[in-house]
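Only one chain is shown below, in structure tokens, and it's the form predicted alone.
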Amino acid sequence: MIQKRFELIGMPERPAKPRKTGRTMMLDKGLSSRQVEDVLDVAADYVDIVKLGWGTSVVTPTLDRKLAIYGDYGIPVYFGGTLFEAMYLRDQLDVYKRILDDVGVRHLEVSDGSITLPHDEKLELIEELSRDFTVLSEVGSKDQEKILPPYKWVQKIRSELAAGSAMVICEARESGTAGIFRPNGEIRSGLVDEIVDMVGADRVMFEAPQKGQQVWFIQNLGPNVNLGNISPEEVLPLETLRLGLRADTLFEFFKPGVPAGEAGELPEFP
């Protein structure tokens, strides 16, 4: 929420929560309950959903307390896709569903970034699990050597949305060096263009942990692009990037020399 005392001309429109676009997924890698409270004290308005990374929820002794704090702020939480994959490998998805019910987590990630999961079976799991949970599915491999051509990304994203996924997450890893990014962190811009052109951006979330990656998405897809794997300390900085309040995007939304009455007219974004 922008403080009203700052009357800045030419600020981009940011939808209020619950947002359908411009969502930020925060990555919680093991915050303590007190750290969660501290982060949300300043950033709750800008966090749309939280992922408890990998299998950290299994080894977090204060899990119930943390979930309660996120719940008090009305922020949904889901466990990392690697935990789903670990349960799948052990044929324990029924156990996993019971655990989610017990702790009151209503979002679930279906991913195959590290395992071999036939796509037809993945679609069946999405369809089945979406009857009881809000399913987020993930496309892309954590293996830097596995490169999917753009048309296969599009096919997978479309079919997973059709199967019941509420949103498809485009893999990048916590490091931002896989999936939609090259090993050096450079964006696969042609791939992103293909996804946006053929699927649209509203129901796709791009993992973008590095600042330079966030800047690229905002400059190319606008301030209301869905971005994920954002570390807690980067939630507020990301919001300033979205609003043109950081040097990297300062001139995206306000052009010097434009009369004050016209400065608020923003370019259209997809």
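Residue indices: 1-based, along the sequence shown. Just so we're clear, the structure is a prediction, and the values are computed from it rather than from any experiment.
One more form of this protein, predicted in complex with another copy of the chain, exists but is not displayed; see below.
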(request) Identify whether another copy of the chain in the predicted bound form is within 4.5 Å of every residue in the set 97, 167 and 190, based on non-hydrogen atoms. (result) no
(message) Within 4.5 angstroms, counting heavy atoms, which one of the listed stretches 125-133, 180-188, 196-204, 102-110 is next to another copy of the chain in the predicted bound form?
(response) 102-110
(message) in the predicted bound form, is there a heavy atom of another copy of the chain that lies within 4.5 Å of any heavy atom of residue 162, even though the partner is absent here?
(response) no
(message) With the partner left out here, check for me: in the predicted bound form, does some heavy atom of residue 239 sit within 4.5 Å of another copy of the chain?
(response) yes
(message) My question is simply whether residue 46 lines the interface with another copy of the chain in the predicted bound form - judged by any non-hydrogen atom within 4.5 Å.
(response) yes
(request) May I ask you to check whether residue 57 falls inside a 4.5 Å heavy atom distance of another copy of the chain in the predicted bound form? (result) yes
(message) Pick out the residues of 228-247 whose heavy atoms come within 4.5 Å of another copy of the chain in the predicted bound form.
(response) 233, 234, 236, 237, 239, 240, 243, 245, 246, 247
